[in-house]
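This document opens with one chain alone, in structure tokens, the form predicted alone.
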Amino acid sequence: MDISADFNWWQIEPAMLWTDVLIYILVAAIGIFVVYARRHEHLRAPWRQVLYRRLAMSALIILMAFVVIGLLDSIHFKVPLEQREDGSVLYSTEVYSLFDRIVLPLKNHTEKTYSEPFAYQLYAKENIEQADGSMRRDFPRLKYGSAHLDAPEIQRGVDIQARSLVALGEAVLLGLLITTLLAGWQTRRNNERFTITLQGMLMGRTRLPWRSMLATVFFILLFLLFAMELGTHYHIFGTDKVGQDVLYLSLKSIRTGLVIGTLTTLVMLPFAVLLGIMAGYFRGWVDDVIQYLYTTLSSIPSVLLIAAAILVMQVYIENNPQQFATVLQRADARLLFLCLILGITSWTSLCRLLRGEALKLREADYIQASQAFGVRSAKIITRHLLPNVMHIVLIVIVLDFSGLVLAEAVLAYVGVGVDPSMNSWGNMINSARLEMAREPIVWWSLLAAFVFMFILVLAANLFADAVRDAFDPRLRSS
């Protein structure tokens, strides 16, 4: 069912998924950490180094654009269908997100089957009935793509150029507006002339890389406006087998990638931090037990362990359908379980690093002095060990994020990833495997998933490099 644009917003019914709750908790935790870090100079200093790096800030802005889309796609609700005679409201069984409402044309403009990017007809020939009753085999016109053109084979190129120029002009105007507002804010803050501030920002003479940040914002605005101007009249990345817009599927997959990358880290951290520090600090039999545990876990092929766990979860969902009212809830439960399994199987490497660091730190003079004065072990761990290993935790988190996003694609490709009904880049690549084998080849789904995944992983890696350089004590001292 297509979501309607004219329903009453005050009658919607909120629909909260488990991953939504965890995402909100994660956002709140990041907000609390930011407030805490702003009040402590030893935490602000390394982050200030990150903020002064051009590539890191450009990557951060791109990551924030992905995060905004992911958060908008994490606000779910059910739309009202009709009001009964007793005053109660009948709601749709399908769950929508706020992002679905924003990109309503992309969601609703569903064609019959495959179509190429910017095409005006289907990708395969069909029998078309003529006005005189005869049959003709040809490429049918699309229902939505280029539907506003009377002669798309002639007008399409000019129309695309005109709309692209409009998007470029709007992006330039918005970019100038944002630049002016930022320059005005900096002028008031630094108490200097507006022209000097603006010139410094545009020439790259400021400590904060405003020029790189503004250029990144401009390209993001250009893509958004390009998608708004052309996406409502064309299928920019084509359509898939069932006629869904590939641009819409690619954007919807952002939330899955972010959930895999972030929630898995949340699951992994308690195991890695607690066991790693305990092994290094207590040594003896505690160290032996923890080493035996993560060595045994590492010896099991993670793909087999994940596949077995996902199959168990699938059987549980099929045997208890009453606990999962909608298809989205079933897919969300499987996604959350996948995050749990990935977290349980990926904490060992961080645990090893923290064990080694704790072994070194426990021999430090201030730790020895604390033990000599009879300070309890729990207090030594929380007051002295944990703050001194947090740079390792932070570096591993940002480095592992891109690896987890890629892991989802690999697991979906082998059939043990997220639910097939859930939008994800892994599922798009998995379905493209069959599309690449047909004749003619359908290549745009694979390309779209690859481009979006590449941008996210590249931005995460660039930002991770800057965080590693800023927080690693050896790199800072050099």
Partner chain sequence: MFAYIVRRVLYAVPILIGVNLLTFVLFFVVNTPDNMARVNLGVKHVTPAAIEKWKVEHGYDKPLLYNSLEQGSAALTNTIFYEKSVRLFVFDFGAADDGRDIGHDIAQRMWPSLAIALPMFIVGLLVNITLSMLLAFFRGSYIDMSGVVLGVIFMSVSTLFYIIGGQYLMGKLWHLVPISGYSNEWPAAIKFLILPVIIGVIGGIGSGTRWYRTIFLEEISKDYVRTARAKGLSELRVLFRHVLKNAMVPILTGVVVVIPMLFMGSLLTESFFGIPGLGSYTIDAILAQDFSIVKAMVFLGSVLYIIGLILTDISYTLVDPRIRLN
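These numbers were taken from a predicted model, which means no experiment stands behind them. Residue numbers count along the first chain shown, from 1.
Another form exists, predicted in complex with the partner chain; not displayed. Remarks below refer to it.
Contact with the partner chain in the predicted complex, defined as a heavy atom within 4.5 Å, holds for exactly one of Y292, W285, F373, W185, namely Y292. Though the partner chain is absent from this view, in the predicted complex it lies within 4.5 Å of a heavy atom of just one residue from T93, N127, N319, Q199, which is N319.
Of the candidate stretches 446-454, 39-47, 59-67, 23-31, only 446-454 has residues whose heavy atoms lie within 4.5 Å of the partner chain in the predicted complex.
Contact check for M16, Q83 and L104: none of the three has a heavy atom within 4.5 Å of the partner chain in the predicted complex. Using a 4.5 Å cutoff between non-hydrogen atoms, T296 counts as a contact of the partner chain in the predicted complex. When the partner chain is considered in the predicted complex, M422 lies well away from it, no heavy atom lying within 4.5 Å. Within this chain, P301 lines the site of the partner chain in the predicted complex, having a heavy atom no more than 4.5 Å away. In the predicted complex, at least one heavy atom of L462 sits within 4.5 Å of the partner chain. For the stretch 391-424, the set of residues having any non-hydrogen atom within 4.5 angstroms of the partner chain in the predicted complex comprises L406, A409, V410, Y413, V414, G415, V416, in sequence order.
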